[in-house]
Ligand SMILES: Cc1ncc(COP(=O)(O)O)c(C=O)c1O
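Okay, here we've got a single chain as structure tokens, the form predicted alone, with questions on binding and movement later.
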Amino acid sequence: MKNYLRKHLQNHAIYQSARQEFTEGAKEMILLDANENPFDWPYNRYPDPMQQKLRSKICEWRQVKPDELYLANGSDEIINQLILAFCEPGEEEILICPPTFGMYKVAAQLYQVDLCEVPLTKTFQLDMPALEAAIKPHSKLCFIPTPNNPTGNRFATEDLQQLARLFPGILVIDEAYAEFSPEVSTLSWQAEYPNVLVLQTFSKAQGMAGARLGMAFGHKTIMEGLHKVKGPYNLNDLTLDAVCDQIENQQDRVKEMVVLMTRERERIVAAIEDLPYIKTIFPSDANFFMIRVDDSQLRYQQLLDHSIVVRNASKNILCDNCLRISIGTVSENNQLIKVLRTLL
């Protein structure tokens, strides 16, 4: 497996707290290593720096090995750490395909890494000839969310596989919305495409956006690189406990919520598809959908006036006069439909 890590980090030692030298049995020891408040008080001790209990549950749940998993404070932190660990500013570049998730560009700019943008086709699919022409020997990271944000559609599997074969660096497939999509996760690609790293999150279908838990799955060499730039205690005990409970006890409920949101998405689309100011409703495999209207700023403001907040996606390339609408509860969706019908 190729070592993609930045040169100056390849011999960089991972920072370890003293607590990392011990196993779970450390809880039975006298802990005088971390300058904590020693008295019996909620959360007086630092959390497990290696998140061993949660990692074990996720590995069993997702059928991956422990050295193929990395956890962080939301996928946003992983995106930042990928750039920090693997991209040399001024020498290497990141490839993205707008319209896409805005944090990829923000993070590239934050770390002063060059960005190559290859727009999607008019049907919001990957432009494979343009991508192949844009890939260079110094292309280091490529971020592809599928289903895509803000457009909501999946990309063709054969295009993603071709990109994995062509790309000389790490192909990051962001599956934040994968649970709403019928396609098989790209987690199954790890053996064939070791340069593919998969992002998943507890913020969407799992309903835990406030807990901030992002997961990266990939080859152990890439995971080792991420650990080089990891803070010693990057996840707190509240999150660790909540996510363990979620995996153990809430997955049937999560499946029910996904079915309900998918059904509600189709119901909303059917209810508004004939409204004359809506020009296009784009197909979606996510818990949101995008529409093109006659005047996105006007319709956005009208919805705000009715206390409904949507996303004006018009600043994105190919998304002129587009609004992105998330799926709410049944009563919220009923109100959305009612208001949209009054805007005639």
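Numbers follow the displayed sequence, beginning with 1. No experiment lies behind these values; they were computed from the predicted model shown.
One more form of this protein exists, namely the form predicted together with the named molecule; it is left out here, but the text below deals with it.
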**Candidate stretches 125 to 133, 233 to 241, 88 to 96, 144 to 152 - the one whose heavy atoms come within 4.5 Å of the named molecule in the predicted bound form** = 144 to 152
**Prompt:** Judged by heavy atoms and a 4.5 Å cut-off, are F180, F289 and G328 together in contact with the named molecule in the predicted bound form?
**Reply:** no
**Message:** Under a 4.5 angstroms heavy atom criterion, identify the one residue in T262, Q190, Q246, S203 near the named molecule in the predicted bound form.
**Reply:** S203
**Request:** Would you kindly say which of V113, A176, I170, I268 lies with a heavy atom within 4.5 Å of the named molecule in the predicted bound form?
**Result:** A176
**Prompt:** Would S75 count as a contact of the named molecule in the predicted bound form, using a 4.5 angstroms cut-off between non-hydrogen atoms?
**Reply:** yes
**Message:** I'd like to know whether F217 contacts the named molecule in the predicted bound form, with contact meaning heavy atoms within 4.5 angstroms.
**Reply:** no
**Item:** the named molecule contact in the predicted bound form: R212, any heavy atom under 4.5 Å
**Value:** yes
**Prompt:** Since the partner is left out here, which residues of 88 to 117 would have a heavy atom within 4.5 Å of the named molecule in the predicted bound form?
**Reply:** F101, Y104
